[in-house]
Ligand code: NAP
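First comes one chain, alone, set out as structure tokens in the form predicted alone.
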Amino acid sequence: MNRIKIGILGATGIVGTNYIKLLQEHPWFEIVDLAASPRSAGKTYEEAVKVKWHMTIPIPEDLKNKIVRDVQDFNSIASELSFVFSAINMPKKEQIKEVEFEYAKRGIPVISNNSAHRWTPDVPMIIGEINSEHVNVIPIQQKNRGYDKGFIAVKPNCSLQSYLTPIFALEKAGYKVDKIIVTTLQAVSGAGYPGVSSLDMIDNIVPYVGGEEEKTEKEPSKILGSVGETGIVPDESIQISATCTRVPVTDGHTASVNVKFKDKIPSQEEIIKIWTEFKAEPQKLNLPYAPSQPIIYLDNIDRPQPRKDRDNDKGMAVTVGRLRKDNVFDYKFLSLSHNTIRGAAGGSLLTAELLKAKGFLT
């Protein structure tokens, strides 16, 4: 099979390097273009990333001597490029928006890890197991903006991915959720590199992560929404109250969730059965990076734990535990996902696979 030629925007950052790690020997995609800021442009990839490479594999040999392109040098985009993953970091979100729009205008689909376009109404914000049908907004986006082959699709914030799939599975089974209180314990890798100072994190918990509570409370409404005539229509039927904290863990965002149902209340046994049997479009399509079991429930009283459970099923599964009755709401549980895999590069990679399977990437 001839692999699709792809590029990475922001290839020298922590998410960009994660893309490179995950894409090694991918059966569908081949990296042919690496782009970053003007500081890195013109250097070999090895020179540009030498102190920032923190992956568990060496820099791939076929990329070491590849010259990094300026992400805003649109005239040097390789003609063979089919689409790009975007992990660019710029001072203002409007700058990121414009750069991603420019690639889309030039016929290059953009699958973005950034938050800049998450609330652009005609841009789908996809979690493959929840709202795969939102790919149907792409023709609307192309019509609205006069794009031919180009478009933008984004992934949501990493913190909400640690709990939203278990909630969606319950709703899909007919148990409508009314209210959620969620407290996230977020890993330091979520702050990028060099991230949070060691003097802030060692022997400490930081009870504030800028912007995370707003994203955690708001983004689910778009993800759970529906495709309308001009874009995504949010579903605001679930009330969410979030507290987001930073904890001294390398990788893996944990969420403590309290949930109240609207009408019917499932039994504890029913909830666990729903979670363990849950499958969705990525599993039906047998996508290469889809977890075989999207939700893993552990009976152990002291699980999930980031160090032991974040890498479950390629780091793409949500691991849940400690389901029990709640004295104020109906139930409470803990859930965990790998923030730089499922919550970042891996989630975008799964979106790209879904888009290819649906005929949007060729």
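Just so you know, these numbers come straight off a predicted model, no measurement behind them. One-based numbering along the sequence shown.
Keep in mind that the form predicted in complex with the named molecule is missing from the display, and what follows is about it.
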- Tell me, please, which stretch of 226 to 234, 172 to 180, 112 to 120, 276 to 284 lies within 4.5 angstroms of the named molecule in the model of the complex when heavy atoms are compared? 112 to 120
- Does the named molecule get within 4.5 angstroms of any non-hydrogen atom of residue 211 in the model of the complex? no
- Query: Would residue 141 show up as a contact with the named molecule in the model of the complex if we use heavy atoms at 4.5 Å?
  - Reply: no
- Task: Would you check, heavy atoms only and a 4.5 Å threshold, whether residue 158 touches the named molecule in the model of the complex?
- Result: yes
- Query: Is there any non-hydrogen atom of residue 325 lying within 4.5 Å of the named molecule in the model of the complex?
  - Reply: no
- Pick from 147, 193, 101, 261: which has a non-hydrogen atom within 4.5 Å of the named molecule in the model of the complex? 193
- Quick one: in the model of the complex, does every one of 165, 295 and 305 get a heavy atom within 4.5 Å of the named molecule? no
- Taking only heavy atoms into account, state which residues of 2 to 19 are within 4.5 Å of the named molecule in the model of the complex, ordered by sequence. 10, 11, 12, 13, 14, 15, 16
